[in-house]
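Below, in C-alpha coordinates: the form predicted on its own, a single chain.
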(Lines give C-alpha, C1' and ligand atoms only; values in the text may rest on other atoms or scores of the structure.)
Protein backbone atom coordinates (compact mmCIF):
# COMPACT_ATOMS: atom_id res chain seq x y z
CA UNK A 1 0.00 0.00 0.00
CA UNK A 2 1.28 3.44 -0.89
CA UNK A 3 2.23 5.71 2.00
CA UNK A 4 -0.22 8.37 3.08
CA UNK A 5 1.41 11.65 2.05
CA UNK A 6 0.86 14.49 4.51
CA UNK A 7 2.44 17.89 3.94
CA UNK A 8 2.66 20.80 6.38
CA UNK A 9 3.59 24.15 4.88
CA UNK A 10 6.57 26.08 6.25
CA UNK A 11 6.91 29.85 5.85
CA UNK A 12 8.61 32.67 7.75
CA UNK A 13 7.05 33.75 11.03
CA UNK A 14 4.60 30.88 11.36
CA UNK A 15 3.38 30.00 14.84
CA UNK A 16 5.37 26.89 15.67
CA UNK A 17 2.65 25.24 17.79
CA UNK A 18 0.23 25.52 14.85
CA UNK A 19 2.71 23.26 13.07
CA UNK A 20 4.23 21.08 15.77
CA UNK A 21 0.97 20.10 17.45
CA UNK A 22 -0.48 18.49 14.30
CA UNK A 23 2.99 17.23 13.32
CA UNK A 24 3.20 15.19 16.51
CA UNK A 25 -0.19 13.62 15.82
CA UNK A 26 0.31 13.01 12.10
CA UNK A 27 3.69 11.39 12.69
CA UNK A 28 1.97 8.66 14.71
CA UNK A 29 -0.59 7.69 12.06
CA UNK A 30 0.36 4.23 10.74
CA UNK A 31 1.58 4.34 7.14
CA UNK A 32 1.87 8.12 7.03
CA UNK A 33 4.83 9.94 5.52
CA UNK A 34 4.96 13.50 6.79
CA UNK A 35 6.68 16.28 4.85
CA UNK A 36 7.62 19.78 6.02
CA UNK A 37 7.24 21.67 2.77
CA UNK A 38 9.09 24.89 2.02
CA UNK A 39 9.79 26.93 -1.08
CA UNK A 40 13.37 25.76 -0.75
CA UNK A 41 15.27 23.69 1.80
CA UNK A 42 16.52 26.79 3.62
CA UNK A 43 15.56 26.80 7.34
CA UNK A 44 12.52 28.92 8.10
CA UNK A 45 12.27 31.16 11.18
CA UNK A 46 9.17 30.68 13.31
CA UNK A 47 7.65 33.37 15.52
CA UNK A 48 9.77 32.07 18.42
CA UNK A 49 13.43 31.12 18.73
CA UNK A 50 12.72 27.86 16.90
CA UNK A 51 14.22 27.54 13.41
CA UNK A 52 12.39 25.03 11.21
CA UNK A 53 14.16 23.10 8.42
CA UNK A 54 11.96 21.92 5.52
CA UNK A 55 12.27 18.27 4.53
CA UNK A 56 11.21 18.91 0.94
CA UNK A 57 10.87 21.85 -1.45
CA UNK A 58 7.86 22.82 -3.56
CA UNK A 59 9.54 21.59 -6.74
CA UNK A 60 10.12 18.08 -5.35
CA UNK A 61 6.94 17.64 -3.35
CA UNK A 62 4.81 14.64 -4.36
CA UNK A 63 1.06 14.83 -4.68
CA UNK A 64 -0.15 15.14 -1.11
CA UNK A 65 -3.15 13.37 0.36
CA UNK A 66 -3.34 16.01 3.10
CA UNK A 67 -2.28 19.63 2.76
CA UNK A 68 -2.01 21.52 6.05
CA UNK A 69 -1.34 25.24 6.36
CA UNK A 70 -0.44 26.51 9.86
CA UNK A 71 -1.00 30.11 10.88
CA UNK A 72 0.88 32.96 12.47
CA UNK A 73 1.77 36.55 11.68
CA UNK A 74 3.59 35.31 8.58
CA UNK A 75 0.26 34.66 6.89
CA UNK A 76 -0.06 38.42 6.34
CA UNK A 77 2.66 38.06 3.69
CA UNK A 78 1.62 34.59 2.56
CA UNK A 79 -1.85 35.63 1.40
CA UNK A 80 -0.10 37.68 -1.28
CA UNK A 81 2.63 35.16 -2.16
CA UNK A 82 1.87 34.03 -5.71
CA UNK A 83 4.28 31.08 -5.63
CA UNK A 84 2.79 29.62 -2.47
CA UNK A 85 -0.80 30.14 -3.61
CA UNK A 86 -0.03 28.45 -6.93
CA UNK A 87 1.52 25.49 -5.08
CA UNK A 88 -1.59 25.12 -2.94
CA UNK A 89 -3.88 25.26 -5.97
CA UNK A 90 -1.86 22.55 -7.75
CA UNK A 91 -1.91 20.32 -4.70
CA UNK A 92 -5.64 20.91 -4.18
CA UNK A 93 -6.40 19.20 -7.49
CA UNK A 94 -5.41 15.78 -6.14
CA UNK A 95 -5.51 16.13 -2.35
CA UNK A 96 -8.00 14.20 -0.25
CA UNK A 97 -8.10 16.89 2.42
CA UNK A 98 -7.24 20.59 2.43
CA UNK A 99 -6.66 21.71 5.98
CA UNK A 100 -5.36 24.50 8.16
CA UNK A 101 -4.76 25.65 11.70
CA UNK A 102 -5.36 29.17 12.99
CA UNK A 103 -4.87 31.88 10.32
CA UNK A 104 -3.65 29.27 7.86
CA UNK A 105 -7.25 29.19 6.65
CA UNK A 106 -6.81 32.74 5.35
CA UNK A 107 -4.08 31.42 3.05
CA UNK A 108 -6.37 28.68 1.75
CA UNK A 109 -8.94 31.41 1.23
CA UNK A 110 -6.50 33.62 -0.66
CA UNK A 111 -5.79 30.67 -2.95
CA UNK A 112 -9.51 30.50 -3.75
CA UNK A 113 -9.92 27.16 -1.99
CA UNK A 114 -12.55 28.09 0.60
CA UNK A 115 -15.17 29.83 -1.51
CA UNK A 116 -18.54 28.47 -0.42
CA UNK A 117 -17.03 26.41 2.42
CA UNK A 118 -17.50 26.81 6.14
CA UNK A 119 -14.18 27.42 7.88
CA UNK A 120 -12.73 28.55 11.17
CA UNK A 121 -9.57 30.32 12.31
CA UNK A 122 -8.21 32.24 15.30
CA UNK A 123 -11.01 34.18 16.98
CA UNK A 124 -9.37 37.50 16.11
CA UNK A 125 -9.43 36.71 12.38
CA UNK A 126 -12.77 34.96 12.01
CA UNK A 127 -14.51 37.82 10.21
CA UNK A 128 -11.66 38.03 7.67
CA UNK A 129 -12.65 34.69 6.13
CA UNK A 130 -15.71 36.21 4.48
CA UNK A 131 -13.48 38.33 2.21
CA UNK A 132 -12.55 35.11 0.39
CA UNK A 133 -16.09 33.81 0.06
CA UNK A 134 -15.78 31.43 3.01
CA UNK A 135 -18.49 31.05 5.63
CA UNK A 136 -17.02 31.83 9.08
CA UNK A 137 -17.66 29.12 11.68
CA UNK A 138 -16.82 29.57 15.37
CA UNK A 139 -16.23 25.88 15.98
CA UNK A 140 -12.89 24.71 17.36
CA UNK A 141 -12.68 22.26 14.46
CA UNK A 142 -14.77 22.81 11.33
CA UNK A 143 -15.41 20.09 8.75
CA UNK A 144 -17.05 20.96 5.44
CA UNK A 145 -16.66 18.20 2.88
CA UNK A 146 -12.90 17.78 2.39
CA UNK A 147 -11.98 21.09 4.00
CA UNK A 148 -11.03 20.74 7.66
CA UNK A 149 -9.95 23.84 9.55
CA UNK A 150 -8.86 24.32 13.15
CA UNK A 151 -9.19 27.36 15.38
CA UNK A 152 -6.33 29.16 17.03
CA UNK A 153 -3.01 27.51 17.90
CA UNK A 154 -3.88 24.81 20.47
CA UNK A 155 -6.92 23.78 18.42
CA UNK A 156 -4.38 22.26 16.04
CA UNK A 157 -4.15 19.16 18.23
CA UNK A 158 -7.93 18.72 18.28
CA UNK A 159 -7.99 19.21 14.52
CA UNK A 160 -5.20 16.68 13.96
CA UNK A 161 -6.85 14.02 16.12
CA UNK A 162 -10.11 14.59 14.26
CA UNK A 163 -8.33 14.09 10.95
CA UNK A 164 -6.44 11.04 12.27
CA UNK A 165 -9.78 9.37 12.95
CA UNK A 166 -10.82 10.02 9.34
CA UNK A 167 -7.52 8.87 7.84
CA UNK A 168 -7.20 5.78 10.04
CA UNK A 169 -9.99 5.12 12.55
CA UNK A 170 -11.33 6.30 15.88
CA UNK A 171 -9.35 3.75 17.88
CA UNK A 172 -6.09 4.84 16.27
CA UNK A 173 -6.84 8.49 17.00
CA UNK A 174 -7.70 7.68 20.60
CA UNK A 175 -4.48 5.71 20.99
CA UNK A 176 -2.49 8.69 19.70
CA UNK A 177 -4.30 10.97 22.14
CA UNK A 178 -3.49 8.63 25.00
CA UNK A 179 0.16 8.28 23.96
CA UNK A 180 0.47 12.08 23.94
CA UNK A 181 -1.41 12.25 27.26
CA UNK A 182 -3.54 14.95 25.69
CA UNK A 183 -5.89 15.54 28.60
CA UNK A 184 -6.30 19.32 28.86
CA UNK A 185 -6.95 20.83 32.26
CA UNK A 186 -6.03 24.52 31.85
CA UNK A 187 -5.33 26.54 34.98
CA UNK A 188 -7.63 29.35 33.83
CA UNK A 189 -10.89 29.51 31.90
CA UNK A 190 -9.50 32.29 29.70
CA UNK A 191 -8.85 30.46 26.44
CA UNK A 192 -11.78 31.97 24.53
CA UNK A 193 -13.11 35.51 24.15
CA UNK A 194 -16.40 34.07 25.42
CA UNK A 195 -14.93 33.00 28.76
CA UNK A 196 -11.90 35.25 29.35
CA UNK A 197 -12.28 38.06 31.91
CA UNK A 198 -13.45 41.24 30.23
CA UNK A 199 -10.36 43.20 31.26
CA UNK A 200 -8.05 40.50 29.85
CA UNK A 201 -9.92 40.46 26.55
CA UNK A 202 -9.83 44.25 26.29
CA UNK A 203 -6.11 44.35 27.09
CA UNK A 204 -5.31 41.78 24.42
CA UNK A 205 -7.50 43.46 21.82
CA UNK A 206 -5.69 46.75 22.43
CA UNK A 207 -2.31 45.05 22.07
CA UNK A 208 -3.42 43.45 18.81
CA UNK A 209 -4.73 46.61 17.15
CA UNK A 210 -1.65 47.19 15.03
CA UNK A 211 -1.43 43.56 13.94
CA UNK A 212 -5.12 43.48 13.08
CA UNK A 213 -4.78 46.60 10.92
CA UNK A 214 -1.85 45.05 9.04
CA UNK A 215 -3.77 41.84 8.51
CA UNK A 216 -6.88 43.69 7.34
CA UNK A 217 -4.82 45.52 4.70
CA UNK A 218 -3.22 42.27 3.53
CA UNK A 219 -6.59 40.51 3.35
CA UNK A 220 -8.15 43.37 1.37
CA UNK A 221 -5.35 43.25 -1.21
CA UNK A 222 -5.45 39.46 -1.45
CA UNK A 223 -9.24 39.38 -1.81
CA UNK A 224 -9.16 42.02 -4.56
CA UNK A 225 -6.49 40.05 -6.41
CA UNK A 226 -8.49 36.82 -6.10
CA UNK A 227 -11.65 38.52 -7.38
CA UNK A 228 -9.74 39.90 -10.36
CA UNK A 229 -8.27 36.47 -11.15
CA UNK A 230 -11.70 34.88 -10.89
CA UNK A 231 -13.22 37.43 -13.24
CA UNK A 232 -10.38 36.92 -15.74
CA UNK A 233 -10.80 33.15 -15.62
CA UNK A 234 -14.54 33.48 -16.20
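Every value quoted in this text rests on a predicted model; they were computed, and no experiment measured them. Positions refer to the first chain, counted from 1.
As for the form predicted in complex with a further copy of the same chain, it is not shown, yet the points below apply to it.
- The candidate stretches are 127-135, 108-116, 152-160, 84-92, and the one lying within 4.5 Å of a further copy of the same chain in the model of the complex by heavy atoms is 152-160.
- Proximity to a further copy of the same chain in the model of the complex, defined as a heavy atom within 4.5 Å, singles out one entry of 180, 168, 32, 41, which is 180.
- Residue contact check for residue 123: one or more of its heavy atoms lie within 4.5 Å of a further copy of the same chain in the model of the complex.
- Residue contact with a further copy of the same chain in the model of the complex: residue 189 places a heavy atom within 4.5 Å of it.
- Heavy atoms of residue 63 never reach within 4.5 Å of a further copy of the same chain in the model of the complex, leaving it off the interface.
- By the criterion of a heavy atom within 4.5 Å, residue 57 is excluded from the residues contacting a further copy of the same chain in the model of the complex.
- Residues of 26-56 placing a heavy atom within 4.5 Å of a further copy of the same chain in the model of the complex, in sequence order: 27, 28, 34, 36, 47, 48, 49, 50, 51, 52, 53, 55.
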